[in-house]
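Next up is one chain by itself, shown in structure tokens, the form predicted alone.
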């Protein structure tokens, strides 16, 4: 068995400089979530400077951290909001550049996911096809793109391409968009503590309820943080969705071929990123099955070396532990 970590962030110097420029040039009201996230991490605090140092590195620092925690391989993705915070033309060009940089670092220690620009769907498809052809293992979408979500039919060609290429889409968190974030900010709840899960869980539910998996039954979607809390809601999601369909309450809610929970057991995988808590991991395994749960550290945002012990020491068979750390990731992302 080896340990593979399936949601590990990267952001090179060039994109961080572009983030700084946005912070300087855009008004306070432009994107409060972006300003909250990167206004902090590009600031002077010890936590921020340590993260910026690590998140840029695909060399000795990262490899040393992996060795210190027994991580044999990382699946690298461009950190939130990636290229999606930029206007479409710039985002398309930047995604290609970011992917080329990541492709140059692929090795027995690093696999990677392609950045794409969902607000330019046709270009996103072309870039996904190109990047997968050069060795990347799927796409990362840092949740909403300036308030827009992938359940919009104009984005469905991205799902079609991912299914045809037989690669997954990783929906990674972003801070809530401007229309959603106001109640989160006063108490600092917009980021990883809660806002990420609310916003990304909403995104995944929109995709399910829109019928995406009925249209693309072999599509694979991966979400972190143990499914952003949704596995704990499966009973209620099934009950309430069926009730809404019967009542014909919402024009945008139509009958699905399966229950909401069934898509979690056919099309969706979750990782343990940022959730190294045995009871929660064991719950997700119990309701989704061991084949649906994969290990991730959430490096460097949550780089706590001792947390690896949680999954090392969980009561399970050696075969199941190997699925959690290695087999499932290799299968879903076609790492073999």
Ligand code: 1DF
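Positions refer to the first chain, counted from 1. Just so it is clear, the structure is predicted and the values come from calculations on it, not from any experiment.
Absent from the display: the form predicted in complex with the named molecule. The rest refers to it.
Undergrad: Quick one: 205, 264 and 269 and the named molecule in the model of the complex, is every residue within 4.5 Å by at least one heavy atom?
TA: Checking in the model of the complex: none of 205, 264 and 269 is within 4.5 Å of the named molecule.
Undergrad: Considering the named molecule in the model of the complex, find the one stretch among 159-167, 192-200, 99-107, 231-239 with heavy atoms no farther than 4.5 Å from it.
TA: Flagged stretch: 192-200.
Undergrad: Against the named molecule in the model of the complex, would residue 281 count as a contact residue? Criterion: heavy atoms within 4.5 Å.
TA: No.
Undergrad: Counting only non-hydrogen atoms and a 4.5 angstroms cut-off, does residue 308 reach the named molecule in the model of the complex?
TA: Judged by the heavy-atom cut-off of 4.5 Å, residue 308 is well away from the named molecule in the model of the complex.
Undergrad: With the partner left out of view, is residue 47 within 4.5 angstroms of the named molecule in the model of the complex by any non-hydrogen atom?
TA: Residue 47: contacts the named molecule in the model of the complex.
Undergrad: Looking at the partner-bound form in the model of the complex, is residue 34 within 4.5 Å of the named molecule by any heavy atom?
TA: No, residue 34 stays farther than 4.5 Å from the named molecule in the model of the complex.
Undergrad: Only one of 143, 74, 79, 84 gets a heavy atom within 4.5 Å of the named molecule in the model of the complex. Which one?
TA: By the 4.5 Å criterion, the partner-contacting residue is 79.
Undergrad: Can you name the residues of 210-225 that have a non-hydrogen atom within 4.5 angstroms of the named molecule in the model of the complex?
TA: Only 225 sits within 4.5 Å of the partner.
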